[in-house]
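Here we start with a single chain on its own, the form predicted alone, put down as structure tokens.
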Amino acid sequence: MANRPQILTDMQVSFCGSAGDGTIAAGDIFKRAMAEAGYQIIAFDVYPPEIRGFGKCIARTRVTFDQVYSLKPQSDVLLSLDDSHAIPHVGEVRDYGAVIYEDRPMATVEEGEHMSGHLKPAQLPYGVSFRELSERATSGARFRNIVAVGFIAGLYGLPRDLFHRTIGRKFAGKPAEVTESNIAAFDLGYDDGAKTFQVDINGFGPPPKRKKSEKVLMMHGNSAVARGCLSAKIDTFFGYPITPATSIMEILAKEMPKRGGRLLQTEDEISAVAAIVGAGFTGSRSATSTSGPGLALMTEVMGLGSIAEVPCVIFVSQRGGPSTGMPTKTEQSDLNLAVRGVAGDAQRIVLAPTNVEGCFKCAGIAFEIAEKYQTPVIVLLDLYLSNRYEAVALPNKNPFKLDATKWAKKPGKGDAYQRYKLTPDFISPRAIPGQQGMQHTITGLEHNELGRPNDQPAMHEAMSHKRHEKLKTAINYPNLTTSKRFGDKGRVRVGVLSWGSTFGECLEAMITVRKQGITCSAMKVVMISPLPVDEISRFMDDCDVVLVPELNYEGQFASIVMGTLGRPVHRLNRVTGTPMAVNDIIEEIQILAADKPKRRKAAE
């Protein structure tokens, strides 16, 4: 690192350009190098649905010394690879932050179309000849993005060899000249940045030291889900591509065959969910992945999984809706569908991780829970969490049980195996096809303990009771944090109740307002169905007012909480297609803290 005074690192770098500029690739190299250096990382890429050359791409990376939980409202560095897309984001750069842009455009630009005319008075301009440097290094302009990464690394005194290694890994498997050209472009950008005077006093201090026992990997939510599946020894995966869940299937398609697993791309989502129910019936650990439109198609077969008591796992990454909606924008609007979207009374278990590490844990433990309670389990992500990168410390030992089934014993001579036997814990001993003496029937019709169709009132009452009651103990499932409170203990002015990816922003907001003197706590809820009512109720007992921020228009989680507990909450709903803004949550907490009696009356 450069020998100059540094603060503890908290720097956010944004690359902005057009599809085809290599914006996402530049951000990827930067964040992976920083993660390897030992920093804490949160990164999120925004990309368009349009074809190459038309849509806007933004790659944001927050690099910190200590653990943080969301991106910052303002970046410290904005690097423009296309001014037409980057100019609207100049206001997102803090005072005395750096704005880096091409100072020698290929052609004359119209007045008002160059970045230099849009900088705020306190922002620090750095004009760089990306195109010229790329052409000097490689005889072409296509490596402008790598030159840009090199310039930032040189400007802030980051280790050159660290980026060389990252570039080498990114292009491993390609011809050697590809890696060589990228490194040459990086080096010219680095040298240019190193000889440029850094005006901004902020920078990258030495990274924190990590424990040698920790295995730290840079991954996004979908890759963490795939790794959790592999650690849980998934046997079969059936799926159909859909944004933003597709990369789960892509990763598993590459890795499962190496471990003896099988993956099949089906013709649609209906056949995918039918296949995992069929595989679950045979004793296979099976899963699929989808988004809201696909989940809507799966509801009928999920009902079959519930009534037939078949374990299977469905990973759902939400996007903007309804219908095909906004495929490349984030939202939390499929909660009602995940929890209640089914014909009849067919409660299922729904888990919603709040960060990338949670994606790994929930993915693996979902197979255990599905087997133990013999039911479909939904793991609910969204595009923000699926595509958000974090440096994750994984356990050295596999944390998941490879078999959580309550297996049936062979019945005595003359006795019939009762697949749906009514038991004190409401969980029937399970057998799979081919086990001697345990022939049984499964059906989508209501049935008796033998599995044979039976629609008598008493039987339907008993089986409905069984299917619901067995799930209640899932709230206390070991090694699963179904809910957790953070912040001030005891009585607080404002409590923030949150679920899914938005919890990181809620936690950042809580930390900020506590420094302002507002007593505040935040609770994350990971198990959405069945809802941990007692824990949430105790949390609400300690709060003068409760705020529920979420990325949907209706306040779906707020409605579930109010409907279940019969207690008022305040809603903060956003449907911008982007993650929740921390400042919006802070402002709402401040309003509630200052005027709690009036606000409470309005909510009631």
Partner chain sequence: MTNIGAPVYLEEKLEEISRSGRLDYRSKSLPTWCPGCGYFSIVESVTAALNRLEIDPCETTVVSGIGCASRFPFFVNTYGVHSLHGRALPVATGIKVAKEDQTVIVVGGDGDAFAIGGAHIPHAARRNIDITYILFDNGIYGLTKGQASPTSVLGFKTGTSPFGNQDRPLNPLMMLLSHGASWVGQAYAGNPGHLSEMICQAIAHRGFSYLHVLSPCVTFDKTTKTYKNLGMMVRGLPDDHDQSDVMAAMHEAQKTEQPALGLFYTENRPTLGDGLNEISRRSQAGS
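These numbers come from a predicted model, not from an experiment. Residue numbers count along the first chain shown, from 1.
A second form of this protein, the form predicted in complex with its partner chain, is not displayed here; the remarks below concern that form.
Among heavy atoms of residue 257, some come within 4.5 Å of its partner chain in the model of the complex.
Among heavy atoms of residue 436, some come within 4.5 Å of its partner chain in the model of the complex. Under a 4.5 angstroms non-hydrogen atom cutoff, its partner chain in the model of the complex lacks residue 471 among its neighbouring residues.
For residue 373, no non-hydrogen atom is located within 4.5 Å of its partner chain in the model of the complex, even though that partner is not displayed. For the three residues 264, 267 and 270, a heavy atom within 4.5 Å of its partner chain turns up in the model of the complex in every case. Residues placing heavy atoms within 4.5 Å of its partner chain in the model of the complex fall in a single listed stretch, namely 425-433, out of 460-468, 342-350, 425-433, 395-403. Site annotation in the model of the complex: the residue of 232, 379, 301, 527 reaching within 4.5 Å of its partner chain with a heavy atom is 301. The listed set 98, 167, 133, 279 contains one residue whose heavy atoms approach its partner chain in the model of the complex to within 4.5 Å, identified as 279. Shown without its partner, the chain has 438, 439, 440, 441, 442, 443, 444, 445, 451, 452, 453 in segment 438-458 as residues with a non-hydrogen atom within 4.5 angstroms of its partner chain in the model of the complex.
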